[in-house]
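A single chain comes next, written as C-alpha cells; it is the form predicted on its own.
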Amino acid sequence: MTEEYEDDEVVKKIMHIIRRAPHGTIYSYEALETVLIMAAYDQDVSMAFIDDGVYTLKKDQDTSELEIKGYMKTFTALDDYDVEKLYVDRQSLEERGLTEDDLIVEVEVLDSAAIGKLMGEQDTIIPN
C-alpha cells in the first residue's frame, strides 16, 4: 500500500466493514466511535455497510421499546470529521427492501466487486 504523508505524519487508508445489525450488540456503535477517533487523527477512513450492516444507516429508527439510546443520528457527524467515503453494498440494500433514500446519510451504493476492489486498496481493514 502507498501511505500518504500529511505534515510529516503517516496517513493510513483504513476501512471499517459493518456487517451486523445495529441493535443487540455493541459492534456497530463501537465501530462508529472508532471511526470518529481515527478521523480526528487525520487518517483516511472509510466505511462499508454490507449484509445486515445496512440497517445501521436506516432513517427514523425508534429504539425506545428496546430501552436503549439510539445512536444512528451520530452518523450525520461523520461529515464534520471529513469521513465522506461511505459505501453500501447494493445487493444487501435490495435484499432488505431498502433504497438509498431510506438512509440517514449520503452513501455511494456499489456492487460487491467494487467494494472488494476498494478493500484491496486499504492499508487496514477493520471488520465488525
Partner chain sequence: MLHMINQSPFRAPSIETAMRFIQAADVVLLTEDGVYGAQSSQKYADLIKNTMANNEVYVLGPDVKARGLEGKLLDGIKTVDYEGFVDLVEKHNVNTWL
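Positions refer to the first chain, counted from 1. This structure is a prediction, so every number in the text was calculated from the model and none was measured.
Another form, the form predicted together with the partner chain, is not on view; read the next lines as being about it.
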In the model of the complex, do 60, 80 and 102 all reach within 4.5 Å of the partner chain through at least one heavy atom apiece? no
Taking heavy atoms only, is residue 84 within 4.5 angstroms of the partner chain in the model of the complex? no
So, in the model of the complex, is residue 74 in contact with the partner chain at a 4.5 angstroms heavy atom limit? no
Please tell me whether any heavy atom belonging to residue 17 falls inside 4.5 Å of a heavy atom of the partner chain, as the geometry stands in the model of the complex. yes
Does the partner chain come within 4.5 Å of any heavy atom of residue 46 in the model of the complex? no
Along 21-59, which positions have a non-hydrogen atom within 4.5 Å of the partner chain in the model of the complex? 50, 51
